[in-house]
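Here you get one chain, nothing else, as structure tokens; it is the form predicted alone.
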């Protein structure tokens, strides 16, 4: 009987590793604390349609990732987003054209991870709290006290602060991962019955509590009746107000949005706030992935490479490559 490989986390990094390992003929089993796949690529279903509260778009610079994106496009899971972009700086809006190709999941961001997951074996709503080694194999313990295993290897593909707690049996890895700081981001969705009178579809913001904003329905495949907007607060503001009540976060960012847009702003018909506690790595790391091959433990995530969607995918590929290399 072949002992499967456990993968904790069904964001882009975990699914990228899972696909590479499965393609090489290994059996795998995925675990995620959420009800569905995606991590920060997930979308929230709401009365105002599907909302991309996390990753807003992504780019493909590495040829390997670009090939994967082309495949997703051919299968209809991604589309190019061509927003009318602005900059907000010193209290003024100005056009911000560039040549960058921006991709989004279609009809929502989570379409990508859903397609990647396919028919792979997965246990959702299962928060792994401990990874421990028996005589030969690894076992996982979840928050309900249930044990899962045995597994030959474990790939941990979750934000660094969460990964640290699962590395008790690998102190060397644990100390490296514990050194990675991640910044929070408050995300707010506002939906209006009457469309706002502006051509703006995306904006890079400076000198404000807001860092980025996007007209969600300007993305391909989003067929909302309402005019939906996603606002992301800056890391600094989010850190200072990390425990603020959601209603207050909505009020504050709505106010900053109104000031910035400088157009008549009705009261939103729908609002939603979501706190990403580990939205992005605080510093640049270029480690690809982390591993203790002798123990059979591998760690990956966007925080290993740049903090971008592409970094997450490449990190998962690197974790799988190292694991397969060790099995040769």
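On a predicted model such as this, the values are computed, not experimentally measured, just so you know. Numbering follows the first chain given and starts at 1.
One more form of this protein exists, namely the form predicted together with a small molecule; it is left out here, but the text below deals with it.
A.B. asks: Does any heavy atom of residue 44 come within 4.5 Å of a heavy atom of the small molecule in the predicted bound form?
C.D. replies: Close contact is absent here: in the predicted bound form, residue 44 is far from the small molecule, nothing within 4.5 Å, heavy atoms only.
A.B. asks: How about residue 309: is it within 4.5 Å of the small molecule in the predicted bound form, going by heavy atoms?
C.D. replies: Close contact exists here: in the predicted bound form, residue 309 approaches the small molecule to within 4.5 Å, heavy atoms only.
A.B. asks: Decide whether residue 5 counts as a contact residue for the small molecule in the predicted bound form under a heavy atom distance cut-off of 4.5 Å.
C.D. replies: Residue 5 lies outside the contact set for the small molecule.
A.B. asks: Heavy atom to heavy atom, is residue 17 within 4.5 Å of the small molecule in the predicted bound form?
C.D. replies: Looking in the predicted bound form, residue contacts with the small molecule do not include residue 17, since no heavy atom lies within 4.5 Å.
A.B. asks: Which among 286-294, 30-38, 262-270, 66-74 is in contact with the small molecule in the predicted bound form, heavy atoms within 4.5 angstroms?
C.D. replies: It is 30-38 that comes within 4.5 Å of the partner.
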